[in-house]
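Following this are structure 1 and structure 2, which are two forms of one protein chain, each written alone as C-alpha cells.
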Structure 1
C-alpha cells in the first residue's frame, strides 16, 4: 500500500512516499558508491584500451584534455550540454526544445568541424549506419563524437544501426548513386563483381533472388522510389524494365510484388541478425556506443536475445582501462540500449511484445511503406508513438522527414506539415537520414527540425492540448508501482502550479524516463553521476541531462545544484521547482533560494 506523508518548512513543501503499512516508518538510506581514486585536473589521458583494440595513442597535448573520472563528475562541477545552457540563458525554461533530434552521419558530416556544427545546431544523437562504410570509418566517427563531448561540452550519444537481413541492392560498383530512366533495361544479379560492373547492372545480396522472382513481378526500390517490371530470367540474372524512373542509392531495400501483393515468404525466413550484424554488434560493444538499432525486427525474442548477449559481453569485458601519467583506474562498462526498428509486416504482428521487450522503438517509415499500403503508415506511426508512451519507451520517427532537402535548401510545405504532425504526436525524437548523411544542406535541414519543433511545442502548450491526453497506466507486465505514481503526481503538480522546472536525481535514469512519459509543460532537469546514463537520457522527450556528483544528503545535492546552475546563469532565484528523488522516494516543492 502506498501511503503519502506531507511536511512543510519555510522554503519548501515535501511529499514522501512509503510502501510499508505504517506511515511512520521510513526507508533506510542506501549510500551511493564512492570512488577511492582522485585525479588531478590536467593529467594527460591516453586513449582507452579495450579487449578488441589494444593500440594506445597520445592525444594532442597543446591544451589540457578533459577526461572521465571514477564514480562520476567533479564534486565541485556540473556538466551541462552547451546548447541547452545557451537556450536556458537566452529564452528561459519554457522556451527550450523538448523533441530530440537524431542525425545520420555520412560523408557530408563525418569531420570534426561538421559534427560540431550539427551539435551546435541541436543534434542529440549521432547515428552511424552499418549498411555503409567500413568499421574503421565508423570508429573514427565515434572517436570524434566522444572528443566533441569532452572538449566542447556536449552530451551527444552514438547510435549504431544494423544492416539487417532483408533483400537489398549492393554498392553500385562504388558509385554514389545511379539514375534509372523510364524504359531503360537493367539487370539484377546475384553474381559477384569484384571490380568492374557491367553497365546498368545491380548486385543483389540474396542468393535465391533469381529463383524467387517471376516474369511480370514488380520490383520496388526503397518502397517505390524506383519501380521495375521483370521481363526475363537468364540463370542468375534478372532483366527488368524501368517503369517509374528515379535515383538508385547503394544498398537500397528491394521488395517484389506479384498480382498486387507483397511476396514475402523468403524474407520471413531470413534471420533478423546476420553474421555481419553480429560482428558489427561486437564492434559497437567494444567502442562503447549508447544505442543499437536493430533492423527488420520480427519478434520480441530477437530483442531479448540481443540484450542478453550485450549483458554477457559487458560482464566479460567488465571495464575499460584508462592510463594516465599518475595512475591507472577503471571505468565500469554500461549497458547499451536496444532500439527496435519497426519496418516490416512481421513487426506489426507482434508490436506490443516488441516494444515492451526493447529499450525504445524507431518508426522506419521508408521500408515500412514498402510492405504496407501507404495510407496505413500515418495510423501505424501514431499507434507506435502511443505504445511507446504506454510502455515508457522512447520512440523515434524516421525516414523522409525532409527528403527534398537532400538537394534543395528549403523543405516542401508538406514536409513541414509531416514534421509538425510527429511533434504534435509528442514522439521523443525525429531523425534525419540522407538529409544529414549525404545531403547538400545538412545544417539547414537540422535548423528546420529545430524551429518547427519549438513552434509546435509552444503552440501545443498554449492551446492546452495536454488536456486531450488520457492518463496512462503502466501495463501489468511492466513494473510501475511507487515510482510511476510519484512521477505522475509530480507532473500533475508541475502543470497545475506552473512550475519552472522538474528536478530529478537518478542513478539509472528510470525516474527521469517516467517523468518524460508524462509530457509536462516544463522542462525536466535530470541529474546523474553516470556519463553513459546522461547520454542515453538525451534521446528522451523534455529531458535535460546533467552530470553531477551526488551525496547521501539530498538537501546538499539540491543546494549544490542550485548554486552551480545559478552561477552559470541557467536558473534564477525565486523560480518554482518540483524535485523528485528515486533514492528517497520523495517529492519537494521549493523556490530557488
Structure 2
C-alpha cells in the first residue's frame, strides 16, 4: 500500500475502510484498523459552516448555499450535472468522459433550446466572443445559460473571450462577407466611414497601419485565407492587389509579413486589453461570468493586472452582496478565473511566466497559426499542455478541430486524428468555434468531440495497463507542499487499487485541481459548497463537480454524500472510493456501504 512520500514522515498512516468489499475489487488482505488515515499535524478547524444557517432566499445562482439541518439525508441537497448523472447510471464510473468541452455560442446556438441541446450533448463551458455581437446579445446568452442551469440542473460555466486590440478589419459596412478575386485592387484604410463605403474598401482598426506597412509587404487575412500584396501607400489609404482570392469576413484579423517574417512594429505596442475590453470585463463581472479569456496575451503582467482588478471588484461586490443577505462567513473573493490565450508570437517568449500567472491557458491555434509558421503550431500546443500540467492550470485546445463540420455533417479523418491527438495529450478541454457558433451541425460536432474523447481515453487506459506504462510523465510542479503530495499519493493509490472514484471535498477547488493534475484512471467526484467553484471545476480534466453543503464533521459529510449519491443511483454499494480531505489531511480507502 503506497503513500511513500507521506509515510516517510513520522506521522502515522492508517487506512479505514468499512464494510464489505465488492467481490470484483478486493482490498489488501490483512485487516486494517477502522480509523481514518490522518496525516494531521492538527489543522485548526474552520468555523463550522453548518452552524451558519440562513433562511434568506436569494434570486440567483450566486446565492450562498442554504445548509440543510444535519441529520437525515436530504435528496435535494446535492446538485449534480444531469449529463454526468445519466452517464454514471447507464455505464458506471469508468465510462464518464474526462476531457471537457467548450462551445462558442453564436447566432446558430444562442436560443434557449439550442443551448439546452448543447448542454445535453455535453457542453461544459459556453464561450462568448466579444469580437462579435452586442453586449445586449451577450447578456441574453448569459441569462439563458444561467436559466438552463437553474431550471434543468446543469452546471455550464460561462467564458467571456476579449476582443483584444490586434489589427483587424472593420465590419464591412454591415455586409455578411465580401469576395476578393485574384488580381483585384482593394484599399485598406484607417479613414472612418459612417455608412457609404466606397467599393472594395476595407476599414482597419489600427491608426498606425498606413505608417507601419511598406510597399511589397504581404497582407494576410485570417492567417492566409485571403492574401494581398501592398502596391501603393497614399496617406491613410493602402492600396493592395489580391494574390490569393477568398471570402473576407467581418472583423477578420490582419497580419503583415515582410521577407517571410511577421512584422511587429509599433503594433506590438498595442495594449492587450483595450478600453473596449475593460468595459466588456466590467460587464462580465457584473453578469457573474466564470472565466475571462484574454486574447493576444504578450506577457504575464496583463494577467496579474487583470486578476488583481477582478479581486478588488469581486471583494466589493461580494461584501455588498453578503451584507445584503446578512450572513457573515467569508467566501473566496475572486470567483472569475483568468485564462491566457496563447496566440501572439510575443507570448511564446514568456510562456512559463504567463501560464504560471494565469488560472488556465488556451492554445488559440487560429491566430497563433497566423503569427508563427503552421508547422510549429503542433509542438507549441504540446508544450502548452505540458506546462499546464506542470503549473496545475487547465489547458484548452482551440480552433479548427472540426472546421469542415461548419458545412458538413461528418468530420474529415484528419480532423478526427487532430482531436485524438489533443485527447491523447490529456489536455483539459477541447473547444468548438465556428462549428458551434455559426455552423450547420453544432450538435453533431459536439457529438464527435464526445465520442472521440471517450474512445481515446479508454484506449489510453487499456494501453497503459496492457503495457504497464507509467502515466504520461508528469513534470514535477514548482509549488510542491503537502496538498500536492497527498493528491499525487491518492492518485497512485487509486490507480493501483483500481478504485472506482476519488472523492474530494474542496472549498476553492485547489485539491480537486491537484487530483485532476495526476490524471487518475478513475473519475474524481469534487464536492464543493459554492456553485461558482463547481462551475469553474467543470473545465478541468476528469472532475465531476457537485454542489453539496459541507459540515465540519467529515464522517457525516461522507455518509451524506454516499446516501445522496446512492439515492440518485450514481454510486453502488461495494464501490471502492479513495477519499481525500485537505482539512483533515487524510486519505481514506472506503467501500461504499
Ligand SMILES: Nc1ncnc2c1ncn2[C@@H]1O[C@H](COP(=O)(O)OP(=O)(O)OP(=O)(O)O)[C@@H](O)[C@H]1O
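Residue numbers count along the first chain shown, from 1. The shown structure was predicted, so the numbers you read here are calculated from the model rather than taken from an experiment. Rigid core (definition): largest C-alpha set, two forms, superposition within 1.5 Å.
Note that the form predicted in complex with the ligand is the one shown as structure 2, not structure 1.
After superposing the rigid core, the Cα of residue 126 is displaced by less than 2 Å between structure 1 and structure 2.
Relative to the superposed rigid core, the position of the CA of residue 387 differs between structure 1 and structure 2 by less than 2 Å. Residue 238 shows a C-alpha shift of 2 Å or greater between structure 1 and structure 2 [criterion: core-superposed Cα displacement of 2 Å]. Shown is the Cα shift of residue 247 between structure 1 and structure 2 after rigid core superposition, which amounts to 2.6 Å.
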